[in-house]
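One chain follows as structure tokens, the form predicted alone.
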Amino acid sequence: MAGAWANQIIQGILLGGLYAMFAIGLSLSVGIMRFVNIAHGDLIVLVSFLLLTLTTRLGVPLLVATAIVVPVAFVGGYLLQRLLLQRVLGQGVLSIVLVTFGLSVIIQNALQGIYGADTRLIQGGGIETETIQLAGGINIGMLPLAIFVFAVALVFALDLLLYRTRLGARIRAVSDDVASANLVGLRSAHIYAVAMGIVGVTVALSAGFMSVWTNFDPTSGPSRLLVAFEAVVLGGLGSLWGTLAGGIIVGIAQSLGAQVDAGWQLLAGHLVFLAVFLIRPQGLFPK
């Protein structure tokens, strides 16, 4: 019995790695540009379908397809910020919510029109079925383990970028005070767009992992957004390591809930989020 619970905790930690991948880009949006992108989950699904097209219809290997999509996602994020989101930045929360919600609706309907409503899954070449067997009946999937390790590495790399590089200093300066940054010669619109391009890269990477681990369809975006939002809030706004911790907490809660009853899986994660939010609304590691 104890082994079963220990196994669920380990699976929850690994699941938290995927949730952290969903949430890292949203954490950057909230921490740098000070807005919640309602279309964040739909952008992940959009890139997943792009990967699906490259791998199934054009026969491109998944790793090569991801390598192709990552720079495309950076350019897409840059243009999205520069041409659309920048126009409503600083005009209040409602404007951002309305614009990104409209973008979410457009993406969902476009994907349904092109691909239909069926669920899809990309084959990962066998890594999705490989496991490591440990003592006590604990099995660790190679794909979840790889995602968790990659999530930790990505958080570490982004933390170095933001706090140890000149670009990171410029991004933080614009985030702190746009007017002062403009006065000293920083082009805030360009820097915001670069930051959104980095968000696009995290979206592409999380889409690559998600499309192999779990099914997705054109309406999967809101569920991805919800779990990402919970991870960001639990960890504390602006804290990338906190976002990783928040994703792990949600993942463990869902795994333990599923151990009690399959119907409790999603509910357990939401309940833990509400409990922590009521006790510590600023998050566990605010920055």
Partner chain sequence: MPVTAASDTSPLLAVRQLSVFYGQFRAVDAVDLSVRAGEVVSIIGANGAGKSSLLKAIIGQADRIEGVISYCGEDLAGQGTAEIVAKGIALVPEGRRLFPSLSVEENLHIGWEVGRQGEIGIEDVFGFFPILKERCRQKARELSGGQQQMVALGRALLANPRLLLCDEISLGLAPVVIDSLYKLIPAIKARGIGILVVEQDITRSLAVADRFYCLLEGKVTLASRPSATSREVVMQHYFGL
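Only a predicted model underlies this, so the values are computations on that prediction, with no experimental measurement involved. Residue numbers count along the first chain shown, from 1.
Here the subject shifts to the form predicted together with the partner chain, a form of this protein not shown in this document.
- Within 4.5 Å of any heavy atom of the partner chain in the predicted complex lies no heavy atom of residue 118.
- Contact check for residue 179: a heavy atom falls within 4.5 Å of the partner chain in the predicted complex.
- The partner chain in the predicted complex comes within 4.5 Å of a heavy atom belonging to residue 186.
- At the 4.5 Å threshold, heavy atoms of residue 173 reach the partner chain in the predicted complex.
- Remark: of stretches 186 to 194, 125 to 133, 206 to 214, 151 to 159, the one touching the partner chain in the predicted complex is 186 to 194 (heavy atom within 4.5 Å).
- This chain is displayed alone, yet in the predicted complex one of 79, 72, 142, 169 has a heavy atom within 4.5 Å of the partner chain; that residue is 169.
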